[in-house]
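Given next, in structure tokens, is a single chain: the form predicted alone.
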């Protein structure tokens, strides 16, 4: 499933003293199977942008094409929206049913699936996010924060979306919960689901994404591979973004005269690079 964003703009409170252009003439494509990260400082337009991708917001101008159809004006709008799952920041606030299983079954039930189909989809989704069966009949509010986040994610996955859009999926979680939820997202992508993730964590984006879009004041200012984007350390810092720790450390080492290859942005790559450099020094000694 391809998504084609064309000259998208969105203005809050048009015609009032509070008029704000949140998205300004943004264009890009998302191809099948990609893992795209969207980064930017607070207020850069990231969250507003992704809410257009499944027609939660209708653009002021421009269009969003899903498999060639304008999602806002298509006769198949409802069908197209079901294929794109959107997970809000703190999605656990939307849990409401008596049990976890009922909550995760709600989405499929709402689109007319049979009870057996709903339960089957819910069980598969809960297994995918790693919630054990002994939690399925519990109230969602008895779960830990990390478990609630996984239950909320399962509710979206039960709809079997082809594209999964996540707004700060690890926000507010402790280090263990953060690692778990990001590993789940990585697994979902490995099964062929296209993933779009908004995140403030440059290290998370560096580890997971194969492409990054940078937003600044409502505009798309960069679009490239992690190596391409994170090589622009000064530009990112000027936008108030802290590049991955590995990219910053590589930059500092180069400034001190150590020959480090360009395009390093993960700690694993930096460790390998330093190991190779040290090995070369020892051999020449």
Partner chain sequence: MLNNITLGQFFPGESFIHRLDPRTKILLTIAFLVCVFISRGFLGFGLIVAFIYMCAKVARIQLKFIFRGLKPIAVIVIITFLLNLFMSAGKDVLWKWGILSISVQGIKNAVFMALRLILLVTGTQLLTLTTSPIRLTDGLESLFLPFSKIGFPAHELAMMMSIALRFIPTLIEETQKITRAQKARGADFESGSLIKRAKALLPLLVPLFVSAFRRADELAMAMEARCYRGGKGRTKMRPLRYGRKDLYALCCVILLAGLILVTNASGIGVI
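Everything numeric here is computed off the predicted structure, so don't read it as measured data. Residue numbers count along the first chain shown, from 1.
There is also a form predicted together with the partner chain; it is not shown, and the following applies to it.
*Asks:* Which one, 221, 233, 57, 239, lies within 4.5 Å of the partner chain in the predicted complex by heavy atoms?
*Replies:* After the contact test, the surviving option is 57.
*Asks:* Using heavy atoms only and a 4.5 Å cut-off, determine which of 81, 207, 138, 200 is in contact with the partner chain in the predicted complex.
*Replies:* By the 4.5 Å criterion, the partner-contacting residue is 81.
*Asks:* Indicate whether residue 93 is a 4.5 Å heavy atom neighbour of the partner chain in the predicted complex.
*Replies:* Because a heavy atom of residue 93 falls inside 4.5 Å of the partner chain in the predicted complex, the answer is yes.
*Asks:* Even though the partner isn't displayed, in the predicted complex is residue 225 close enough to the partner chain, meaning a heavy atom within 4.5 Å?
*Replies:* Contact with the partner chain, no.
*Asks:* Since only the chain is shown here, I'm wondering whether residue 169 would be in contact with the partner chain in the predicted complex (any heavy atom pair within 4.5 Å).
*Replies:* Contact with the partner chain, no.
*Asks:* With a cut-off of 4.5 Å between heavy atoms, is residue 245 one of the residues that contacts the partner chain in the predicted complex?
*Replies:* Residue 245: no contact with the partner chain in the predicted complex.
*Asks:* Looking at 115-123, 129-137, 177-185, 94-102, which stretch has residues with any non-hydrogen atom within 4.5 Å of the partner chain in the predicted complex?
*Replies:* Among the listed stretches, the partner-contacting one is 94-102.
*Asks:* Counting heavy atoms only and using a 4.5 Å cut-off, do 27, 39 and 257 all touch the partner chain in the predicted complex?
*Replies:* No, because 27, 39 and 257 lack any heavy atom that approaches the partner chain to within 4.5 Å in the predicted complex.
*Asks:* If we check the partner chain in the predicted complex, which of the residues in 159-177 reach within 4.5 angstroms of it by a non-hydrogen atom?
*Replies:* Result: 159 alone.
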